[in-house]
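The data below hold one chain only, encoded as structure tokens and taken in the form predicted alone.
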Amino acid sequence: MNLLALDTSTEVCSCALYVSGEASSQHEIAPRQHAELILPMINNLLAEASLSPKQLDGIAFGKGPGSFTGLRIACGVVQGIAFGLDRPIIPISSLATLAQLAYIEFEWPHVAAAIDARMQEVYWGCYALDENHLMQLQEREQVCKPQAAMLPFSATWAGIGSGWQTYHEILSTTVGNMPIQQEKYPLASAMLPLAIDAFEKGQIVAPENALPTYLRNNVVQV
């Protein structure tokens, strides 16, 4: 199995490549530069792996929530590649990727992922580890005021993401104090385990059906 993954939903531009059990990745914190960076990153990874794009079996992307512009960039890139190669797309939640990163780096089994949504709101999703070491959504993802954030059940939770950085005091009051990593972002390398699982389960879409998940209804068109 050969999979490409990319995420441009936040300040970080990242991509990762999975080739027959081996993974490689690149990422850079570069706000407003994702459109210039993502294709060279992809080409570099493919070149380093001596892999032709035609050898890819699928392309995963961070479908959101996150930056409206960043999500459109990711969606446009994966659609262009997938249309050209006639390959399926694997949409993966950016909050799920963030939660998976928390497990990979800190071995936290219960994670409250929060991305700063601006407008005094957070993108919020709570995840729990399953028997396959994959993070699974509990209840639903949402965009909400930090005062309205809730945990789905009692457990030893940890928090990750830029939402915790911006609204740490409010969230700590709302859901309680917990270990947090606030300067962490969704990375394509952490997306790979989720993408591999989704691909094997057939949770794929045709390029024309690969759409961003904004969570907000009032998306500004620019």
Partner chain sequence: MRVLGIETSCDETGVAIYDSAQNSVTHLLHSQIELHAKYGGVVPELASRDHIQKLLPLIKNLLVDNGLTPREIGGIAYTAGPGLVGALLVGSAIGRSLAWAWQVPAIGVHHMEGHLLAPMLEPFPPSFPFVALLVSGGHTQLVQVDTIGKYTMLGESIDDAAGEAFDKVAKLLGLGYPGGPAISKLAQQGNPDRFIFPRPMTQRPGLDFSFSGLKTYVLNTWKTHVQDEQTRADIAYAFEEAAIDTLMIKCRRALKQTQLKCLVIAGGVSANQRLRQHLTQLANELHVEVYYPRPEFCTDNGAMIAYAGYVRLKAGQSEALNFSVHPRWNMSLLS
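Residue numbers count along the first chain shown, from 1. As the structure is a computational prediction, the values presented were derived from the model and not from experiment.
Although it is not shown, the form predicted together with its partner chain is what the next lines describe.
Interface residue among Ile81, Ala117, Ala96, Ala149, judged by heavy atoms within 4.5 Å of its partner chain in the predicted bound form: Ile81.
Proximity to its partner chain in the predicted bound form, taken as a non-hydrogen atom within 4.5 angstroms, holds for one residue of Leu187, Leu194, Ile42, Leu171, which is Ile42. Judged by heavy atoms within 4.5 Å of its partner chain in the predicted bound form, the contact stretch among the candidates 149-157, 162-170, 178-186, 29-37 is 29-37.
Residue contact with its partner chain in the predicted bound form: Glu208 places a heavy atom within 4.5 Å of it. By the criterion of a heavy atom within 4.5 Å, Tyr214 is counted among the residues contacting its partner chain in the predicted bound form. Although the partner is absent here, Ile104 sits far enough away that none of its heavy atoms falls within 4.5 Å of its partner chain in the predicted bound form. Residue contact with its partner chain in the predicted bound form: Pro88 places no heavy atom within 4.5 Å of it. Against its partner chain in the predicted bound form, the set Leu46, Ile73 and Val77 is in full contact: each member has a heavy atom within 4.5 Å. Counting a residue when any of its non-hydrogen atoms is within 4.5 Å of its partner chain in the predicted bound form, the hits in 56-71 run Phe68, Thr69.
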